[in-house]
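This document opens with one chain alone, in structure tokens, the form predicted on its own.
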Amino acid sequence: MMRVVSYILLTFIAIVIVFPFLWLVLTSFKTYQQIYSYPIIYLPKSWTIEHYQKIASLDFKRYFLNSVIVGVGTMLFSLVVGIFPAYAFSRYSFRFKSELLVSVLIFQMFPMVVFLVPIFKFLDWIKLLDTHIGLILAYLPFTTPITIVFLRSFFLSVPKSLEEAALIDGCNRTRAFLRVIFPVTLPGIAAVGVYAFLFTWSELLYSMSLLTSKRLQTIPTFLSVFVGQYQTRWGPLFAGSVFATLPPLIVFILLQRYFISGLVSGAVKE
């Protein structure tokens, strides 16, 4: 009996979760008359691809590619920058270790808008304003702290005896990390990478403020064009949102095993 109740409850939760995405897809194929009709039309009576043709005529693929570049770049940079401090925090003892770890998290206490003007001026000073690499660097202060804290937990979950055995067998610290620690903590690294990618993919404020050239802007900036003060063009907005939802969904499906196991392996107590 409890199993039946569990299945019914899980089915209901699944429907609630899937419904917004299903509504997004169905609405993207409706005509404007059906979108604004009352009572609400749930299934399109006549299917149309005019909204997809509209975003295609606005060179949507360029914005899509820009988002991929920025998302993947931020993910890789966050992992490269954060993995070594995280390993040091998990394996070594040094002065002010706790204070430094806390200072890493203090940055997360402030809203992103607080740092927008200083980051804007800094990127302008180093001539990286209105570039993808500049936007990636602007995201690092917000993704790297979480990367360090999460990866530290993953490294703590690996027994030191594995690393000590590698050192006894003749490996140095670098080879022991690459051959022993890195493969074991790969699920955790994948989980942190997914977080950094998803954070970047949906961010609007910095991408709109730091990328002024239309050819460099990302999907959130593109979709914001359809939201006006007096009218929202729901058709192209939903059509673009369908494509914007696919990469995070695909990334999560492909890395789901690593993501879930990474979250579990990181849940350790020091």
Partner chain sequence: MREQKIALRMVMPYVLIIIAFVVLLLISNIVMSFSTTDGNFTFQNYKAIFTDNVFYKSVFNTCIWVLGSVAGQILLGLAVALLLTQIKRGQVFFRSIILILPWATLDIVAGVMWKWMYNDMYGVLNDILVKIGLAKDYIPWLATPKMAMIAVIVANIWKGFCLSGMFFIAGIQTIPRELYEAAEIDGANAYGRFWNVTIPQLKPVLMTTLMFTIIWTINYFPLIYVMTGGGPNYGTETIVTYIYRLSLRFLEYNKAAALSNILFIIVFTIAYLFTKKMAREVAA
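Between two forms, the rigid core is the largest collection of C-alphas that superpose within 1.5 Å. Numbering follows the first chain given and starts at 1. Note that this is a predicted model, so its numbers are computed, not measured.
Missing here is the form predicted in complex with its partner chain; even so, the following discussion is about that form.
Residue contact with its partner chain in the predicted complex: Phe64 places no heavy atom within 4.5 Å of it. Put simply, Phe29 is far from its partner chain in the predicted complex: not one heavy atom of it is within 4.5 Å.
Taking the partner from elsewhere, Phe84 is found to have a heavy atom lying within 4.5 Å of its partner chain in the predicted complex. Proximity of Ser202 to its partner chain in the predicted complex: non-hydrogen atoms within 4.5 Å are present.
Of the residues given (Ile148, Ile189, Ile181, Met75), Ile148 alone sits with a heavy atom within 4.5 Å of its partner chain in the predicted complex. Site annotation in the predicted complex: the residue of Leu43, Ala56, Met208, Ile49 reaching within 4.5 Å of its partner chain with a heavy atom is Met208. Heavy atoms closer than or equal to 4.5 Å to its partner chain in the predicted complex belong, across 1-37, to the residues Met2, Arg3, Ser6, Tyr7, Leu9, Leu10, Thr11, Ile13, Ala14, Ile17, Val18, Phe19, Pro20, Phe21, Trp23, Leu24, Thr27, Ile35, Tyr36, Ser37, ordered by sequence position.
After superposition on the rigid core, the Cα atom of Ile40 is displaced by 2 Å or more between the shown form and the other one.
Annotation for Leu26: C-alpha shift of 2 angstroms or more between the shown form and the other one, rigid core superposed.
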